[in-house]
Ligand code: SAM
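Presented below, as structure tokens, is a lone chain in the form predicted alone.
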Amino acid sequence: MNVSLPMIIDAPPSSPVQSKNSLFDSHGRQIHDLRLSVTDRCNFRCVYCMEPDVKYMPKQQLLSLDEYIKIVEIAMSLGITKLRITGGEPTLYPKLLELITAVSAIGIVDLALTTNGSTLNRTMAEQWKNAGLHRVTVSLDTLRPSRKDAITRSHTTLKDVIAAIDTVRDVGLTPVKVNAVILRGVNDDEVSDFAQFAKDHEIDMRLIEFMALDAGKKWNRTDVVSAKEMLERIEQEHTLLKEKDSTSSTSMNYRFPNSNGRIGFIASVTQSFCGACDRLRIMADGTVRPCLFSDDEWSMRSLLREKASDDALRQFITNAVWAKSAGHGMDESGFIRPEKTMSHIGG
């Protein structure tokens, strides 16, 4: 939706005065991390994300390569140091390598990409690495071939996705993070298997509580397997050592005594980390969304296409970030689920 932003004061409460190279919201959180979606299209139809008959945004609404690059330039001038390229499935974006090359040349400190791994091969991974990509996150919601088609509603083989994970690790796009959304009665019996997978493949396996972002609007609290429950199950079979996580970490991380692999838990429902959130999302059509679970959003596409000044674009993002909500309370009775899905917003 396009709405008028409120008047924004120069500095948030209890924070230093904002300068042109920093972003603060009205709750005193400094924003460093941008999730930039480059497409809402995906070749999977995961049951927790997209419906089989999904309607995509018209292509003319999506931004151009130059517009994505301009967003990154402006964001960096405001203190953004981390960029994650997302979708949909970003490997379906035809100018992905050009985008990675361009934003790396601008000087982004931490450049990552999220993918389902279905189209990823060694040549692609090596090109990304040479172009300046640092890390890759792969989605993998089951280790059982018989379940993969049912969860993803696709026919990509499980071995191809696992091979993609090993490939990005071997070419140095590390640490490789592998995300699994855990749903009760669907794949929750695999949590210990995922821990073993992390050990065997020396990757960071992250188990995610099922969030209210499914296109079918079928999310129910009873389907959520809590991080606490997952941890207890894994510790019945594996020894885990707690790591000290950064204040802005989305996951609670553990390591194994005799492996470089790690296991992490993203407890967005039961132990939300909103208080330390340093993230901003911009969708493939130029819509700025300060919070994943809030429907507050504002489009900067017209500003970009009207060749607005850099100062105008900076002020737009600054104002949008200032309006970032304090939190979502997904585990509380008054929670109102967002209208858009993760594939539309961008992970």
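One-based numbering along the sequence shown. All figures in this text were calculated on a predicted structure; none of them were measured in a lab.
The protein also exists as the form predicted in complex with the ligand; that form is not presented, and the subsequent description refers to it.
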Item to complete: May I ask you to state whether Y68 is within 4.5 Å of the ligand in the predicted complex, using heavy atom distances?
Response: no
Practice prompt. Spell out, yes or no, whether the shortest heavy atom distance between G87 and the ligand in the predicted complex is within 4.5 Å.
Written response: yes
Worksheet item: With the partner left out of view, is T115 within 4.5 angstroms of the ligand in the predicted complex by any non-hydrogen atom?
Response: yes
Discussion item. Please tell me whether any heavy atom belonging to N179 falls inside 4.5 Å of a heavy atom of the ligand, as the geometry stands in the predicted complex.
Written reply: yes
Worksheet entry | Complete contact of I208, M211 and M342 with the ligand in the predicted complex (any heavy atom, 4.5 Å) | yes
Discussion item. I need to confirm a contact call. Of M283, C49, L34, V321, which residue comes within 4.5 Å of the ligand in the predicted complex, counting heavy atoms only?
Written reply: C49
Item to complete: Could you tell me which of 167-175, 88-96, 236-244, 72-80 sits within 4.5 Å of the ligand in the predicted complex, going by non-hydrogen atoms?
Response: 88-96
Worksheet, complete the sentence: Across 125-148, the residues having a non-hydrogen atom within 4.5 Å of the ligand in the predicted complex turn out to be S139
